[in-house]
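One chain is shown next in structure tokens, namely the form predicted on its own.
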Amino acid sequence: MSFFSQAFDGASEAALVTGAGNGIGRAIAQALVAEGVRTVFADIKAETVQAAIAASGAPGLCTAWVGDLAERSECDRLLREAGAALGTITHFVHSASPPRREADHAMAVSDETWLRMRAVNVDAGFHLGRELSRALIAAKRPGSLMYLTSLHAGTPRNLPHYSTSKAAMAMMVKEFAKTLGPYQIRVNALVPGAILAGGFVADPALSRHVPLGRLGQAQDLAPLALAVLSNRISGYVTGAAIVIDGGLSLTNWFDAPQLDL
């Protein structure tokens, strides 16, 4: 039997994907559903969640959830409602992240914007991952967690709230992987490059820095995300950060921002 013909067991496995209303999160959630995995599509806007589910090809396997993950109470509501709908969540993807504006460089970003980015990326990512893992450990079930970090976890982006939160997530993956490995819960990161998704708009000229010659699409990440999430395919992979960037990380194309002081 091919490893790839049954990467998941739809009868016993279930997934929760944050940021599933658009971009990379949407592509991964839809790919999980296509593999027969019952999946919670979580996002902050009802219309984007419903559109993602309608376009999934198997709406019957999808559960919609709408809320603001910057609020701890909403994270807890997501955990309750996901568990009530699907039982034990075996696969978690944290793709949610607030919008980012090029104007929010180090000398301009507000405290509110800084705190909100951390609240969604780091605090919600940690809380949801830990609580889902508690449930897996109690049920004596293996699991797989995945965090969407960024090339800018290791190189400046002129958006310090974004890059520092992604750097924190990168270490969170390693901490979780070490702690949860003995319980057969794997934790990995996907590291996107310049992906035209989730509101990110790039100058087409950026493609000249990409060895493969084009900017990425959300669908470029979904196949590898499935492979890493699958315990059957990647059962011996944990603590890894897998770069999907067309080779963009071989260069650094950002200049320092111009300050208006």
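These numbers were taken from a predicted model, which means no experiment stands behind them. One rule holds for the numbers: they count along the sequence shown, beginning at 1.
Beyond the structure shown, there is the form predicted in complex with a small molecule, which is absent from this document and is the topic of what follows.
The small molecule is absent from this chain, but in the model of the complex, do 38, 143 and 232 each have a non-hydrogen atom within 4.5 Å of it?
So, no: the whole triplet misses the small molecule.
Quick check for you: of 174 to 182, 160 to 168, 81 to 89, 127 to 135, which stretch puts a non-hydrogen atom within 4.5 Å of the small molecule in the model of the complex?
Looking at the partner contacts, the answer comes out as 160 to 168.
Report yes if any heavy atom of residue 98 sits within 4.5 Å of a heavy atom of the small molecule in the model of the complex; otherwise report no.
Although the small molecule is absent here, residue 98 would touch it in the model of the complex, with heavy atoms inside 4.5 Å.
Within 4.5 Å, heavy atoms only: does residue 24 come near the small molecule in the model of the complex?
Flag for residue 24 set to yes.
Is residue 45 part of the interface with the small molecule in the model of the complex - any heavy atom within 4.5 Å?
It does: once the small molecule is placed as it appears in the model of the complex, residue 45 has a heavy atom within 4.5 Å of it.
Would you check, heavy atoms only and a 4.5 Å threshold, whether residue 195 touches the small molecule in the model of the complex?
Result yes; residue 195 sits at the interface with the small molecule in the model of the complex.
Give me the residue from 227, 70, 210, 64 that has a heavy atom within 4.5 Å of the small molecule in the model of the complex.
It is 70 that has a heavy atom within 4.5 Å of the partner.
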